[in-house]
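Same chain, two forms, each on its own as structure tokens: structure 1, then structure 2.
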Structure 1
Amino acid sequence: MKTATRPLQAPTEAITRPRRRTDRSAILAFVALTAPMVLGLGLFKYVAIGWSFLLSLSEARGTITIGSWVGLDNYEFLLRDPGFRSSLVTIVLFAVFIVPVTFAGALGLAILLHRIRRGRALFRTTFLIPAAVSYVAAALVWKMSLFNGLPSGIANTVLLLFGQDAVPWVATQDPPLYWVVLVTLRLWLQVGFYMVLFLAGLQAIPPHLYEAASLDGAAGWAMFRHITLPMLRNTSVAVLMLLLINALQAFDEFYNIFSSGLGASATAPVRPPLVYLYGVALGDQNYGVGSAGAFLLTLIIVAITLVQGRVVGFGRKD
């Protein structure tokens, strides 16, 4: 026996949606919590940037008030300044070396750590701890303990074990052994952080890709080239961009390694742009030229980053 089904009837009454009520207390709480941050951000960042731009177009020696208008003379002076151009060459060479070495070291450590089954958390934490150390503190440790140039220094102690004489690492300019101090310090501070980024990318690769490649006879370098590297493309692009920006903004290790006491590193054998401009602005009290240098350096970093992003395929769809 069939039972008659009653057809569904369309609602005859229009569905009335509840009227949204404005939660004024939530809006007031949002404004009260964010207003100090927005005010501070606008005052100490954007207003400061605008004031610095005006300083870069004026004669400002010994004062941060806007002086006489000089237009682009400060920019032209810096571009002709051998000291500033030398600092640009220094930081480019530093970036050309430190970026690929840090990239390879972080990727290699991540692959090794990804393969081990036990103790992964311990090793990951051990390598990541240096990323939490201040650049200033690390530079002082490198300068005063590890590479202090004394026979009791850690690096010289290792050399003495192999029958070598003690080396004044920071003071030796021929050959420029101070680069050993600068490079090892930057590697120690950065490799662990970028290793964690690569490790997260490796753990996101589906295992069945490796299993299928293994069935096809692939192994070792073939798997790394055709599976690991393509799957890590987005992570690699982000790491390369961060490494390049950090390298071009190098300041703390160069300043603290070569500084003596509280003085600036005016006699340092190499100075990156930020250290050079620090000396111009706060040492020579020439805030107009110092501000112009800050904007020049920003434009250079943005241009290089855009070119690098274009080359490595930043934003490109898979």
Structure 2
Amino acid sequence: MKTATRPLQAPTEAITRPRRRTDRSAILAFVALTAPMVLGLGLFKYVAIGWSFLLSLSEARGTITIGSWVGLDNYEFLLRDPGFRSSLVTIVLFAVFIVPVTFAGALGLAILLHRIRRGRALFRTTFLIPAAVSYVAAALVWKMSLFNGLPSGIANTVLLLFGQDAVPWVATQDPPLYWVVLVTLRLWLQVGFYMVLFLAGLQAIPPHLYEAASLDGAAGWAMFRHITLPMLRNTSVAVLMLLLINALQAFDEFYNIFSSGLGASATAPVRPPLVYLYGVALGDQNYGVGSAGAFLLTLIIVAITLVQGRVVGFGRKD
């Protein structure tokens, strides 16, 4: 290692001298350490997205070769397609349900846990452990057991206790009871994850703030509104962003709860955009339209995230 002889006072030297000759070993080390990441991201992000963009302007059925240009036809097709449009409505509705519910649930659980002295770790584990479960396994339990529509399913057993009849949850479209299945599933899977974020945020609030406030006569709701919530602003913004981005990319549970194989997914009562795109790209092998859809969806997600960021004050200086 030649650079090892570099003297200790190198930093000051760097100031007094115009500039050390470019440190070749530093460049070599930098390249060696970053090259795999740069090449990998270059290939799987930049090349992939560039190629896909060109495909989105091409007629590409059953082929990934670029060239039969059709301009913006693929985009136009998507925007006119009732299937794609209804998938956008579906995902917005889903986000409208799942984001506030999970946010409130995670914050509520975190506050409950923060206030108890004993057993916090135990309860935290209980709420967090579903985060280890895949959407597929959860969909299985929800579809085939909890909400299976049979009188013996747990949801229906509870209904029977209250004198109600058994309900076919997934199959009921009017009223759309399948939303109960979808929302509770995702809530169970991810509420613990966001609870951990809120717990970390709560633990960072200096206790003297509460002491001072209680001296001023504040209690309960006032404390929550004027201390807890403002102090959790950064966490809240991060949680809202993550929840929204995750909701807009929903795929697993919709696919597993509604479809019976690739071809039958068209009969699902609701399809989010990714399920729609999966059908177009992998089912119909239409990579032109599939690519166009990926771009439209990216655009929409980025736009919504930016608007939400503006609304909840992301990037605002404290």
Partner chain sequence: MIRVLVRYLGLGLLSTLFLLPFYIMLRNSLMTTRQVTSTDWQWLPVPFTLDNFTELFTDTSVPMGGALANSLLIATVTAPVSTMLAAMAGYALARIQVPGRGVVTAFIVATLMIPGSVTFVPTFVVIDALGGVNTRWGIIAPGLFNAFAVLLFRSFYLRFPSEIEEAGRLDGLGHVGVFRRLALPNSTTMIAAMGALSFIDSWNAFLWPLVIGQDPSTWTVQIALSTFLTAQTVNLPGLFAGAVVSILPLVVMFLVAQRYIVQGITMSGLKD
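These numbers were taken from a predicted model, which means no experiment stands behind them. The term rigid core refers to the most C-alpha atoms you can superpose between the two forms while keeping them within 1.5 Å. Numbers follow structure 1, counted from its first residue as 1.
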Which of the two shown is the form predicted together with its partner chain: 2
Of Thr65, Gly50, Gln190, Leu159, the position at the hinge that separates the two rigid parts moving between structure 1 and structure 2: Gly50
Degrees turned by the smaller rigid part between structure 1 and structure 2: 17
Displacement in Å of the C-alpha of Pro36 between structure 1 and structure 2, rigid core kept as reference: 4.9
